[in-house]
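This document starts with one chain, in the form predicted on its own, laid out as structure tokens.
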């Protein structure tokens, strides 16, 4: 059952990515921008402009450009989308797939740790507020959920830097992923904490976690708001459901009733977590810039400002593919947590 569902969803995801690839390729070329002038300057001679346009492949018809993007045309030296490539960056001249692979682990490490903290805090706090409806805990979690989720992350980043770095001195400054004086481990996965463990360097692992403390706290604080609010509302609804009322009437222990209610409440909350994860993949750029992390968000912004079409296309497709994979995993987990869901 689950196997057929996964295969079906993967097929749908491939179709979605194909449609997205076509849309991104053509829509980006409809923008009122001149990438050739961006590279040669506004005072370039007509000959230089024509040479740059030919070098970028923009002198060919759109259909030929799209065929080259797919890997169906060209000299074959640059793998196209059908061969697993994403083209070559117009700015750096390096394969976009290699650049994305270098920047993506930084963003995934940041977002993954932030979601871990937000879930570990948000789920029990939201359930605690729902178990005492109308009380101080219920009102407190409601106020916190609305307050934390309504603030932009860069505002809290500035506040946390001022409080924990400038004021208390217990957090490192926004200088990157490690101290400027520390030699980083060999890049194996691209995630500093994982590479430090693979290198057998627990000291580097702890230092990497220390430098990730403020950016993770910033994102986790913002993410915990909607998670607490969603878990609180779903737990409150689950406590009033028929099966929970029956469990109470049957005399089951309060902890068993609370566990069953939380399980029923957490399943629909996973949808929100998936949406937030996809949003944060592209929305963490301000936090990455503020703390000098150098993740995929910063790479995307630089590519947009430079009119680097291949890099923009690559970032959009990679983020979309990861988001679809996360949604698939959460759908399967949702069905495993809630037997009422059929795949």
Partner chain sequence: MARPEMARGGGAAAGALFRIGAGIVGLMIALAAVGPWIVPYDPYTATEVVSQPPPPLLQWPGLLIDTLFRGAPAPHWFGTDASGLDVFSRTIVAARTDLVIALAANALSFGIGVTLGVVAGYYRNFATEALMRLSDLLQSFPVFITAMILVALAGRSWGNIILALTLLYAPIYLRLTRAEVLTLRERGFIEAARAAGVPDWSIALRHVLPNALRPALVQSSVTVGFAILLTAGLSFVGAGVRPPTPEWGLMIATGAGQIVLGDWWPSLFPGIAVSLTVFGFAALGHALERRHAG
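In this text, all values refer to a predicted model and were calculated from it rather than measured experimentally. Positions refer to the first chain, counted from 1.
Keep in mind that the form predicted together with its partner chain is missing from the display, and what follows is about it.
ask   = Looking in the predicted bound form, is its partner chain within 4.5 Å of a heavy atom from each of 49, 63 and 71?
value = No, the whole trio is out of contact, none within 4.5 Å by any heavy atom.
request  = Choose one stretch from 87-95, 128-136, 191-199, 207-215: the one whose residues place a heavy atom within 4.5 angstroms of its partner chain in the predicted bound form.
outcome  = Among the candidates, contact is made by 128-136.
task = Answer with yes or no whether residue 54 is in contact with its partner chain in the predicted bound form, where contact means some heavy atom within 4.5 Å.
result = Judged by the heavy-atom cut-off of 4.5 Å, residue 54 is well away from its partner chain in the predicted bound form.
query = Any of the heavy atoms of residue 277 lying within 4.5 Å of its partner chain in the predicted bound form?
reply = Judged by the heavy-atom cut-off of 4.5 Å, residue 277 is well away from its partner chain in the predicted bound form.
task = Although its partner chain is absent from this view, report whether residue 174 comes within 4.5 Å of it in the predicted bound form, heavy atoms only.
result = Yes, residue 174 sits close enough to its partner chain in the predicted bound form that at least one of its heavy atoms falls within 4.5 Å.
key: Exercise: residue 155 in contact with its partner chain in the predicted bound form, heavy atom 4.5 Å   = Yes.
request  = Using heavy atoms only and a 4.5 Å cut-off, determine which of 40, 301, 67, 58 is in contact with its partner chain in the predicted bound form.
outcome  = Comparing distances to its partner chain in the predicted bound form, the residue within 4.5 Å is 301.
query = Ok, 124, 112, 79, 236: which has a heavy atom sitting within 4.5 Å of its partner chain in the predicted bound form?
reply = It is 236 that has a heavy atom within 4.5 Å of the partner.
request  = Taking its partner chain as it sits in the predicted bound form, which residues of 23-45 have a non-hydrogen atom within 4.5 Å of it? Please list them.
outcome  = In sequence order, 23, 24, 27, 28, 31, 32, 33 come within 4.5 Å of the partner.
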